[in-house]
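Just one chain is shown here, as structure tokens, and it is the form predicted on its own.
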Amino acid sequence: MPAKLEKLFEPIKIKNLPIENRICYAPTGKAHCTEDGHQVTDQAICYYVARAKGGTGLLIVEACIALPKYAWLGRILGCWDDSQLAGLRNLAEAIHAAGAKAVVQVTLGLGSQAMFPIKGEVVAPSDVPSRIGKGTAPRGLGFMDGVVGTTPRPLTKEEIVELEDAYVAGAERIKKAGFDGIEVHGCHGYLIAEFISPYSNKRQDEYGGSFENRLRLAKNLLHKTREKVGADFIIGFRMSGDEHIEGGYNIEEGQRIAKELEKAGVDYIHMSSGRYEVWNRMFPDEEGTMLDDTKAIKQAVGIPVICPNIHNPLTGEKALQKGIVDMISLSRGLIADPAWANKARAGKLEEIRRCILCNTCLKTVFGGFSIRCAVNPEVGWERFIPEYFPPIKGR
């Protein structure tokens, strides 16, 4: 292995969970589950096995919804019912057998950002609609530029408590299925993030108003979940370091949020940026745009911090060497080439099939189809490729 990539392939522990390198798969919906969210399909399993066999140390499985009562996209992973345990267990076993660790990102839903083909009522902390700022739609998604979403109905206190309890039950199922942990989906303007943000949370009860009250939902999820899953189960949190929008929180408040999450028992922080109002902050047209925010958050906490949107292994190595991050994550890069990590480890950087940041992957999912990739024709068809079949013990 070339000396210049030593840090990228250095083992790390998140709490007591050993991970063989510093590379994570960043969670991304792919519409690979059945329409009702009950079935983890063979395609979903083979997709993740491909990335695990490709050398990625930690796979953060796509957003898994804990209560399908409100607006949500179809064919999303679910953990709201015991009938989903069998499929979740198959996925956990397959990823582990292929050599990676696996946590599942658990969500309470889209909130006011339910702006695509959805099922259910649009709800949020307050009646603040989401809007995609003009000129901020990511490349290839210009048809969404300037779109204004449905004005959401504010959730009642009783409904919020119901969501908290459903979240805990979902996390318990994730643990029972054999995963190594969960990641709280508290980032880029979806429902949990909307409670944290002063832009979208105008409530005057205990779930809004002050900084402490805006964090109440997130903290309740953390405390209630920890009580049920125990001390050793990993609980991460994905957050936007800076919302980059007038009326939202900035990086200084992001640091304050991160400190409070650490105090509440979070084991790692996974970065993101912005929200739909500045959508290109979430899906930037070049890599490394979140490194400055990540550096600021890492300075504020003592737990591992993961930075996404790293496409070049050399960029990741440099950030790790400088101590800006503890791990790097990528989604579009691993969609384009599931063997990204193995090729980087072997020093074959020129053989990595590079993501061209065209966002075909996003466009197909937001259009109601399962994921496709402009540079990797295998995406969506992994279930037919023997190389990506799950390893079977004893064979």
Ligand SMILES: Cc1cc2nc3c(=O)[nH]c(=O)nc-3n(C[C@H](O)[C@H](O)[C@H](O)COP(=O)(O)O)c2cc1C
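Residue indices: 1-based, along the sequence shown. These numbers were taken from a predicted model, which means no experiment stands behind them.
Form predicted in complex with the ligand: not shown, discussed below.
When you look in the predicted complex, the only residue of 39, 370, 331, 43 with a non-hydrogen atom within 4.5 Å of the ligand is 331.
For the residues 149, 284, 304, 208, the 4.5 Å heavy atom test against the ligand in the predicted complex is passed only by 284. Though the partner is left out of this view, residue 365 does reach within 4.5 Å of the ligand in the predicted complex, counting heavy atoms only.
Under a 4.5 angstroms non-hydrogen atom cutoff, the ligand in the predicted complex has residue 29 among its neighbouring residues. In the predicted complex, none of the heavy atoms of residue 313 sits within 4.5 Å of a heavy atom of the ligand. When contacts are judged by a 4.5 Å heavy atom cut-off, residue 298 does not count as touching the ligand in the predicted complex. In the predicted complex, no residue of the candidate spot (124, 189 and 275) has a heavy atom lying within 4.5 Å of the ligand. The chain is drawn here without the ligand; in the predicted complex, the stretch among 251-259, 218-226, 158-166, 275-283 whose residues come within 4.5 Å of it by any heavy atom is 275-283. Within 4.5 angstroms of the ligand in the predicted complex, the stretch 343-361 places a non-hydrogen atom from 361 alone.
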